[in-house]
Every structure is written in structure tokens, then in C-alpha cells.
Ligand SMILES: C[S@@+](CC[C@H](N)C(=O)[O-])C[C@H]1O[C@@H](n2cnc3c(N)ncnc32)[C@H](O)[C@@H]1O
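Okay, here we've got a single chain as C-alpha cells, the form predicted alone, with questions on binding and movement later.
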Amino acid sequence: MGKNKLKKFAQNDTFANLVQPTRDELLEGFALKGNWNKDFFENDQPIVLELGCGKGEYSVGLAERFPNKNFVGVDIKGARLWAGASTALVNNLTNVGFLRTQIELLEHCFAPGEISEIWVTFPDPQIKFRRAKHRLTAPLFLNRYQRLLQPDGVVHLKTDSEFLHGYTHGVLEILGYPIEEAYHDIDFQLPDVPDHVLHAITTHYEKLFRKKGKTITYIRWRFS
């Protein structure tokens, strides 16, 4: 492991806006579960998750645009989370935090109904059939999201993967979850809305995908 990563990991331990529970801590009863507003954000604003947040660009960007909401970026990569956590601290953003954990353990981190909104941004599409259950919009994950979300909670998927976009669209239709908005190409279908949240915030990976000429897709849905 490089010295730079070790330095970031050491700094992560000092960041008040980055929570890094062990697996045992989660399984034995995580103190913040059900208490994020009271004990972490110290307010009663709605909580929004970004799953697979990487360097946290979307979490930070959303926090800047929506100061009346709280945001939690979730990822397992500590070196990536360092970037988002440090940026938030430099910019004095108190309505965004980061959680280092596996997405499979979300229900040990948050209580049912504790979340108002979920963003899934540029996840690995897991194209191979044997990896289907690992897709972040597979039915197993959708069930988890539904349990964590408030009754009127919303989920967003932003991805460069036409495969994952189509797969998710099909799963939602089969399960009967209402799709509120869907674009196969946000640049083509939303060209005259430059300040739209889908255009205004771009992640490291989105920039890489755009350089390769990939189109960016989007779906928003609810579970009721």
C-alpha cells in the first residue's frame, strides 16, 4: 500500500464527518442507526443517501445545492471517501457526511423510514449474468431501499451503462414500481436545462465516461 493511501487513511480517522464502523459494530447494534439526525447532523432535515459515492462529488454537490437536506455518501473505499470528506470540511459543509461500509449492510446502518431519498451514481453494471444479484438495482437491493425509505421516498439512478439503464427499467416495470422520469441521454433530452441537477454536478467517473463518448442515462422512481 502506498504512503499516500496510508496518509489518507490516517486522516480519515480524524474526520468528524466520516464514520467508519467495523462489521462487528454494525451487526451488534450501530449507535447511529435511527439517530443520524439527532446525533450526527443535529437537525431534523431529510436524509439523502448516495450509494457508491466514490470521491463524493455528487454528495458534496447536492449538499451545496440543497442546504435544507442532509446527505450521506456511502462507499467502501477509504481513499476515495477521503476526497469527499476533506472537500466538505474545507467548504464548511455541515449537511453532508460519509459512511464507509458495504452497501449490503445498509439496514444495519439506518432504521426503516430514516431515509427520504437515494441516489445511485455510476455503479458497476455487473454485466455478467452470474453477477446479476450484485447489481445495485437488482430486486434484492430494491427491497432494502424500500425498507429504509419513507413511504414517499424516491430513488435516482444515473449511469453511463445503457445495459444497467435498460435492466433497471425492466425490473421496475415487472415489479410495478412507478417510473416518474427516465432519459436514455440526458444531454439530448435535457439540452436546454443547463442548471438541472443532472447537468450541474458531474463526478470523476462521469467525466471519464463522457471523454469516451458514452451517453449518460437517468431514471427516477418510487415504490408506491
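Model, not experiment: these values are computed from the prediction. For every residue, the number given is its place in the sequence shown, counted from 1.
If you look for the form predicted together with the ligand, you will not find it shown, but the lines that follow are about it.
The candidate spot formed by G52, I76 and I103 is fully in contact with the ligand in the predicted bound form: every one of the three has a heavy atom within 4.5 Å. The stretch from 109 to 117, 90 to 98, 77 to 85, 149 to 157 that comes within 4.5 Å of the ligand in the predicted bound form, counting heavy atoms only, is 77 to 85.
Taking the partner from the other structure, the ligand in the predicted bound form has no heavy atom within 4.5 Å of any heavy atom of T137. Of the heavy atoms in Y205, some are within 4.5 Å of the ligand in the predicted bound form. Although the partner is absent here, F122 sits close enough that one of its heavy atoms falls within 4.5 Å of the ligand in the predicted bound form. Along 4 to 31, not one residue places a heavy atom within 4.5 Å of the ligand in the predicted bound form.
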